[in-house]
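As a starting point, one isolated chain is supplied in C-alpha cells, in the form predicted alone.
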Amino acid sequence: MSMTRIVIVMLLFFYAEGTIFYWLLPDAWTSRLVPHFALAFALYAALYKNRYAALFLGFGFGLLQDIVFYNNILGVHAFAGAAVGYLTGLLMERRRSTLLMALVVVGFATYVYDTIVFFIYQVFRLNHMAYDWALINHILPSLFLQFGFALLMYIPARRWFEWSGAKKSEDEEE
C-alpha cells in the first residue's frame, strides 16, 4: 500500500477517533477514554517502515489533532507524536517485531505520548490535576483501549507497511 493510501486510512482513523468512537461509548466513559488510533498507526509505520515516515505521520496527525480538538496550545500533540514516532523508529530500526513486541511498543509509546502531553500542559498551567490522578483516570484506561486497537490492527498494518516497503525496494533494485 502506498503512503497516500496509508494517509487516507489514517484520516479515517482520525475521523473515527473524534466522532464515531464517542457515539459507541456509554456516557460515563467518554470523559475517561481518549483514543489515539492515528498515533497507533504512526507507530506501526515506525515498526515496519522507517522512523522518518513515523516522524512525519506523527507530526502531521498530531498537528491535525491540535487544530481540530485542542486549541489551547498549538503543537503539543504534533511534538509528542513526532517525538514518540521518531524515537520508536530509532529504537526498533533493525529489529524484527513480533505481535508481543508490537503491542509492548505501542503501549509504552502511548504512555510516553500521554505523559509528554500531560507535563507540557502542566508547565503552561493548563492542567491543574495531579499526575497520579491523571494516570489512573485517563492514561491507563486509554492505554488499554490502545492495546485493543493495536491488537485488532496488527495484521493489516503489518501487511500494508511491509508491502509498501517491499514494492519500493523492488523498484530501487531495477
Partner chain sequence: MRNRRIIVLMIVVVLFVAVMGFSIGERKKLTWPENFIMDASGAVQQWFYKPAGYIAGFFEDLANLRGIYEENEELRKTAAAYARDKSKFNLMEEKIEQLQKALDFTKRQEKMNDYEYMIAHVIAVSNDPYNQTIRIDLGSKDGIKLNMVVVTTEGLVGLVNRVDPLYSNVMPLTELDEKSPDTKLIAATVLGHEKDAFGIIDGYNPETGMLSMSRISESYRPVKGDTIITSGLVNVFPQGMVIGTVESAQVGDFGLTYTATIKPAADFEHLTEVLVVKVPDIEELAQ
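Residue numbers count along the first chain shown, from 1. The structure displayed is predicted, hence computed values, not measured ones.
FYI, the form predicted together with the partner chain isn't displayed, but the following is about it.
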### Query
How about residue 74: is it within 4.5 Å of the partner chain in the predicted bound form, going by heavy atoms?
yes
### Query
Would residue 35 count as a contact of the partner chain in the predicted bound form, using a 4.5 angstroms cut-off between non-hydrogen atoms?
yes
### Message
Taking the partner chain as it sits in the predicted bound form, is residue 139 in contact with it (heavy atom to heavy atom, 4.5 Å or less)?
### Response
yes
### Heavy atom of residue 56 within 4.5 Å of the partner chain in the predicted bound form
no
#### Entry: Partner contacts in the predicted bound form for 110 to 128 (non-hydrogen atom within 4.5 angstroms of the partner chain)
114, 117, 118, 120, 121, 124, 125, 126, 127, 128
